[in-house]
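A lone chain, given as structure tokens: the form predicted alone.
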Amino acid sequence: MAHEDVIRELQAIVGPRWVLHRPEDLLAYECDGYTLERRPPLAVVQPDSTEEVSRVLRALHRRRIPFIPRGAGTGLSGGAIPQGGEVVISLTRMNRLLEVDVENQRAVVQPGHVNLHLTQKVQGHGYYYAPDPSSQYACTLGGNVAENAGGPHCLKYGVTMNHVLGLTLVLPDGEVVRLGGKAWDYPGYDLVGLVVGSEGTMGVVTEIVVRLLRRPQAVKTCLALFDTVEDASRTVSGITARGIIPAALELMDRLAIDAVEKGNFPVGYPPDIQAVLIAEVDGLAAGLDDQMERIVAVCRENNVREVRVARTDAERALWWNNRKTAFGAMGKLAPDYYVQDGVIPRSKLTEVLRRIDEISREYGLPVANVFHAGDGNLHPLVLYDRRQPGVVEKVVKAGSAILKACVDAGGTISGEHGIGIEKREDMRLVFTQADLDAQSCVREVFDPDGLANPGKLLPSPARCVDIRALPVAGAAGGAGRAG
């Protein structure tokens, strides 16, 4: 009866059509892009405005029902997967571009707006939105904010956090607050920076103020083919050591090449090369030729077999489509894949890739590598078939071992995919208990009842009240990296 009561109240707020509660309607919301765990939500509600989100959260708060904000469901770390009894707040109806302020290079969007659509709508003015996740044709800006998403061109232009200036946030009790705005900076604490990347654990974002960038005058892209991954990795370090800041430096290994060549955008790579490096520079036309010549020279110093500079926009687009569809193309090699998201110092590329190869052999699982080499953001893809008994457990252990290798090399456990349920226990690889305590207490300021996307981001115990009840090892030491 209690379940029926909340469904009726949600239907009264948004309309019966926009509340899903029958088991068959909830199947699509059992998981996001992280498919190792699945659980249905209590219901799915699809509001159309900030006011409706506020009324929905007030209704849930009154009953102490937890909720999960959800965009397009392309997240890869399980940030939108129910843990038991939550209502999913689907923001796909809130997909409008509310304002474009060309003069001040700003736009205001609702969270369900698809990333790529924003660039498509402002490019006629000569502008674009820089963060470009590989899923940008489908992922939404609200999801990008939740995960602080990156992309191939974030090497030069930064991740989502560097492009969000203001947010409208509905707190778990339904109160609406506005953080930041259209100006560059505001006095006081950086609450926009705090909410970006918080994975829906502080409330529901309903409007986003983003900055737009002027489209670069010119772009040059080259494709370098190598006989060894080590030579390609050394080329990455060599390019940055020359003081060149490319817009993108993307690398794929042999197994990844096998997948993309069987996908929808084959380039025709030689079947025996071991690594492909895409390097791109952009900016004022004057000087780009010189930058590209210097990149080509570094490739040759590192034994490149062949290096091509794109002759047409169509050729460049083919190379990028080939690269950006790499994750989906893994389906050509195995029924399932598990993508990791570790970050390492660029100088450790060769060392960590060697360790990943060892982990692949230790667990008997093929691992393809597709990654943002310029900023050290690795995406090892563990290939498997979930129908094999016991294989899922091996996959999870292999993924955790890869993350540990990244941390041991001086890196961390996420560059752009977030933590979710996938890596919440691995947070202990990076943070001390004192660090985690501090983050839990910050979260509780926004969500004292623990209703906003519970069970995500922080390992258990994850609430101040739990932490205060436990002896905290190392808390007296005080030194921490949270904040």
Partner chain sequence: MAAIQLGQAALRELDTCVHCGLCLPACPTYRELGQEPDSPRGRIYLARALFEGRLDPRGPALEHLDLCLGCLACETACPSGVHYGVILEDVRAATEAVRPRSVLVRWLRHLLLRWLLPSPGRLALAARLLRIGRALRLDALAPRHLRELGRAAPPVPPRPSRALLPAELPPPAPAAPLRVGLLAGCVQDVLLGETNLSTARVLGLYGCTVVNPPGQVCCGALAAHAGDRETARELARRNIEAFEGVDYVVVNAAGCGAHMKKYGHLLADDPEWAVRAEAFSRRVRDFSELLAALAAEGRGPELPGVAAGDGARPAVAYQDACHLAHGQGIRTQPRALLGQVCEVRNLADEACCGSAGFYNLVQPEMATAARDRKVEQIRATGARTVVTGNAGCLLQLRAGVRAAGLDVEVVHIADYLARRYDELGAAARPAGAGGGAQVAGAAARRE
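Owing to the predicted nature of the structure, the values given are computational and were not obtained by experimental measurement. Residue numbers count along the first chain shown, from 1.
Although it is not shown, the form predicted together with the partner chain is what the next lines describe.
The stretch that touches the partner chain in the predicted bound form, counting heavy atoms within 4.5 Å, is 32-40, out of 435-443, 418-426, 32-40, 452-460.
A residue is said to contact a partner when one of its heavy atoms sits within 4.5 Å of a partner heavy atom; G328 meets this definition for the partner chain in the predicted bound form. Using a 4.5 Å cutoff between non-hydrogen atoms, G73 counts as a contact of the partner chain in the predicted bound form. The partner chain is not drawn, but in the predicted bound form it has a heavy atom within 4.5 Å of K332.
With a 4.5 Å cutoff on heavy atoms, N264 counts as touching the partner chain in the predicted bound form.
Site residues R17, R22 and Y137 are all in contact with the partner chain in the predicted bound form, judged by any heavy atom within 4.5 Å.
Taking a 4.5 Å heavy atom cutoff to the partner chain in the predicted bound form, the contact residue among R354, R387, R300, R242 is R387.
This chain lacks the partner; the member of S90, N148, N369, T206 within 4.5 angstroms of the partner chain in the predicted bound form by a non-hydrogen atom is S90.
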